[in-house]
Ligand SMILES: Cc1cc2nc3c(=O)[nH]c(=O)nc-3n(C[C@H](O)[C@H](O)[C@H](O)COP(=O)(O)O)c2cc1C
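Heads up, the chain below is alone and in the form predicted alone; it's given as structure tokens.
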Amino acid sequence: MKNLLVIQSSGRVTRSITRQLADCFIQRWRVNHPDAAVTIRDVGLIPPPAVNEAWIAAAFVADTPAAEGPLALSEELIAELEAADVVVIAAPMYNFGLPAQLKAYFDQIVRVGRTFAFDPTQEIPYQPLLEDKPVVALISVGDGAILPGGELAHLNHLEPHLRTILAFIGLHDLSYIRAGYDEYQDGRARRSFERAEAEVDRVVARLALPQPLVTPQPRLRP
């Protein structure tokens, strides 16, 4: 049985491209894995709170009773991530980067001693702690030119941010499924969405196959 974690981050409930793609992914996944558990974490509808002073203080004394309250949601989110075999992140681009609610999610799960280790005595002080697993990012942008290879690709800070933050905690197996031209509302938007749907089919089929042994990733460099 393969457990699927889907992280929704769109501020839209209707007309959301990433929500439509995530729903498509879930439907295809359940065909291939009818007994799998599917967990949906909707940070678009229920955003995690921003990290504050109490959270930061608790993160450095995480094994004490005083840390339990401020870190309760962080523990819940990390446990979901650890329990998943495959993670889907539905991430529309907002102002060239992550939605604020998705950034708040990552701020809750990137935690010293829990998802990454820090030892200042080592040559490379930061090391990821999570076991690698496939992560699929469902990306939606208003203008397809901002996607890789387009003339506005230099404005795309969403994908590098996702790649960097996931690798920092140990998740290197990252795939992108992209849809663009939503702002144009013409044939380009429709064709881009149809290509993304077809890519969902291919990715779900690939993940249904036996996965090769994970090759250890290089240590993080400063």
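Residue numbers here begin at 1 and follow the sequence given. All of these numbers come straight from a predicted model, not from anything done at the bench.
Absent from the display: the form predicted in complex with the ligand. The rest refers to it.
| query | Within 4.5 Å of the ligand in the predicted bound form, do 10, 95 and 141 each have at least one heavy atom? | reply | Result yes, every residue of the spot touches the ligand.
| request: Evaluate residue 200 for contact with the ligand in the predicted bound form, applying a 4.5 angstroms cut-off between non-hydrogen atoms, and reply yes or no. | output: Outside the cut-off, so no.
| request: Considering only heavy atoms, tell me if residue 183 and the ligand come within 4.5 Å of each other in the predicted bound form. | output: Close contact exists here: in the predicted bound form, residue 183 approaches the ligand to within 4.5 Å, heavy atoms only.
| Partner contact for residue 17 in the predicted bound form: the ligand, 4.5 angstroms, heavy atom | Residue 17 belongs to the contact set for the ligand.
| message | Residue-level question: is residue 146 within 4.5 Å of the ligand in the predicted bound form, judged on heavy atoms? | response | Residue 146: yes, in contact with the ligand in the predicted bound form.
| Which one, 110-118, 69-77, 95-103, 127-135, holds residues whose non-hydrogen atoms are within 4.5 Å of the ligand in the predicted bound form? | Going by heavy atoms within 4.5 Å, the stretch is 95-103.
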